Ligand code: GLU
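Have a look below at one chain only, the form predicted on its own, in structure tokens format.
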Amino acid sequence: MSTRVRFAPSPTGYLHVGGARTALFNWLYARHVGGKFLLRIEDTDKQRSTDEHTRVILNGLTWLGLDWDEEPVFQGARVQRHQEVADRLLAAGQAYVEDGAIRFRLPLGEIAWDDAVHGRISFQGEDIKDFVILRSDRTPIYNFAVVVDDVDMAITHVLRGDDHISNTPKQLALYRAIGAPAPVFGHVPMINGPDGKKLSKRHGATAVGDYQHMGILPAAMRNFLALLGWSPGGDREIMTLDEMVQLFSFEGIQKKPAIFDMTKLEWMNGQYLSMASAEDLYPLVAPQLAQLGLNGNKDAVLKAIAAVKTRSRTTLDVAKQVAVRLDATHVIVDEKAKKEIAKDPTGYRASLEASLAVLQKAEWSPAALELVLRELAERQGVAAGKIFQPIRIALTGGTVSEPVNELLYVVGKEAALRRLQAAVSSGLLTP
């Protein structure tokens, strides 16, 4: 029998980090063993379920690159099937009516399973009360609906958060009562914030869509989520999707809660930005530049992206740094740069004046610009940094950038000379 796994979100909210991680683990396992990854929208809460939330969840999965193999199943359309199975259990004496609801008669004795993550887990039937499977209005409750749906969808493996462990004995008892084989269950530890408490909005963004808008690349988000509670072995951190599929196993899933570390995500995103080409990043950066009121020439934008991407953590960072290089109105002098100017304002101005004089006649290529500025430093008997840093501050407002010769090249001769002249005239950095 081929492996069939499912992701079953409730469309009562957005696709959250925990749900996205669960979907990714299921998808990786299905792809690893050549099985099927299915989608079930659990929309039985009619008051809170919306088409908009369904759309956002599907868009989030698509953004992450998680494709599903069959048409999504909508649980709300299957209520008649749930009623039919509940009535069958009632007729067989495995359930009874109480206050108009159908309640499942839980068998006594041990209910145990070999969890794919935690090993053997055992409950006693007498510790779990008989529970409602169909409410008095004949709508199904969660634990019953998912079992009927998983049976009908021929699900072989259920990989989900370990907050579901207490539901599993009830569901196993239902599988037995229905006469269907139970799937392999695996329960993945929760994701906590840096403070060790369950990840929530107080830790920052929890919806996957928020990270998309913050300038995180889907490949970086996918890689980061994969390592939340799973280890491929060794010290591997940056992995291609093919590598993740090849290496994924239930054995690699950790038993302890994972920690969501935003700094780590931004670092990982920076690695992916460095590896991406300017052409690949352009469609992501261009709309962000437009929001900043900048519609630069594509060639100039590509040149600037190439220059800044290795020092950026998000595509928003890239866009801001590109804007600084293409439009002086985006230059804001930071506190560190102000302090550096304040140490020696006369020397800062004199250095810029000397640089201006040689740059006006320089050939505008990275190699020629580096040569002319190093020769200037040598003639003045100062370290090259004493020439480079005032230019960097004048052009970007900050103390860190790509090499100054590349920066000058990206800004362009006319714009660079204009900004340097403005800095000399003011003594400070004003565009």
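Remember, it's a predicted structure, so these values are computed and weren't measured experimentally. Just count from 1 along the sequence shown to find any residue number.
One more form of this protein should be noted, the form predicted together with the ligand, which is absent from this view; the next part is about it.
Of the candidate stretches 125-133, 327-335, 140-148, 196-204, only 140-148 has residues whose heavy atoms lie within 4.5 Å of the ligand in the model of the complex. The single contact residue among Arg311, His164, Arg103, Lys320, judged by any heavy atom lying within 4.5 Å of the ligand in the model of the complex, is His164. Screening Arg222, Lys170, His82, Arg160 for any heavy atom within 4.5 Å of the ligand in the model of the complex leaves a single hit, Arg160. The ligand is not shown here, but in the model of the complex it comes within 4.5 Å of a heavy atom of Glu42. In the model of the complex, the ligand lies within 4.5 Å of some heavy atom of Pro9.
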